[in-house]
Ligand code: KMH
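First comes one chain, alone, set out as structure tokens in the form predicted on its own.
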């Protein structure tokens, strides 16, 4: 009897159960244009519960104010983390990107809310008509704070230059808290890398050896292309209304649960069952919580 070797990150073979992250809200879409977008705390918790039941193991969180505008207000962030922990078992990941208009100082304070995980974008990129600013000093400061506060970063890579920056960060500052390195390829943002299988293969091939898991996010029309390419390469998936608002041409998403359920179905076709939140914590190296 022979034992098959475990596939390494970036290989073409599946690597066990599938981590599905749901990104339910984002900072770009307005409530007026998309009334079903979960922007209140009540809506966000309801969404998280349904998405967990559908197969999600981590929630990537942006929050809104009382007028449904993106905000990084510290008390509201802390309240959101507490509510999600009380009502779900999901790994709670806060966005440190916020809106492209948020100042760097406010983004550094996101960790005060004590999430399990945070996003950490590895470089500046054009973002449609705007610029998503992530200078090296900010990246290094945020990373060192995440290490000190025992918050596991998810490195957001919008371009191949961001992959190069990740090599530098790990070389200069060592491994994250928990010792695992998880990245997310954010693809098809106007101004960043395209949402194609070729771009995904190039990015995965360039990842540092320290990377222990990776996922991919296809924005807009690239959602299915990126998801299928990621599954074929053994990666994980991020889905949600932050990234896409239609299930097909002319068919709007009514609830994030639909996108999670579709990811579960695609994963099962690839013979990968959805990961539980407990399994996700082990994969990512987050702190265990009561």
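Just so it is clear, the structure is predicted and the values come from calculations on it, not from any experiment. Residue numbers count along the first chain shown, from 1.
There is another form of the same protein, the form predicted in complex with this ligand; it is not shown, and what comes next is about it.
*Asks:* Just to be sure I understand the contacts: of 197, 206, 100, 106, which is the one whose heavy atoms reach within 4.5 angstroms of this ligand in the predicted bound form?
*Replies:* Contact residue from the list: 100.
*Asks:* Among the candidate stretches 208-216, 119-127, 172-180, 83-91, which one is within 4.5 Å of this ligand in the predicted bound form when only heavy atoms are counted?
*Replies:* Careful reading of the contacts points to 119-127.
*Asks:* Taking any heavy atom pair closer than or equal to 4.5 Å as contact, tell me whether residue 46 reaches this ligand in the predicted bound form.
*Replies:* Result no; residue 46 lies far from this ligand in the predicted bound form.
*Asks:* Is it the case that residue 52, even though its partner is missing from this view, gets within 4.5 Å of this ligand in the predicted bound form, heavy atoms only?
*Replies:* Heavy-atom contact with this ligand at 4.5 Å: absent for residue 52.
*Asks:* Whether residue 257 contacts this ligand in the predicted bound form should be assessed with a 4.5 Å heavy atom distance threshold; does it?
*Replies:* Heavy-atom contact with this ligand at 4.5 Å: absent for residue 257.
*Asks:* Is there a heavy atom of residue 132 no more than 4.5 Å from a heavy atom of this ligand in the predicted bound form?
*Replies:* Yes, residue 132 sits close enough to this ligand in the predicted bound form that at least one of its heavy atoms falls within 4.5 Å.
*Asks:* In sequence order, which positions of 154-172 have a non-hydrogen atom within 4.5 Å of this ligand in the predicted bound form?
*Replies:* Stretch hits, in order: 156, 158.
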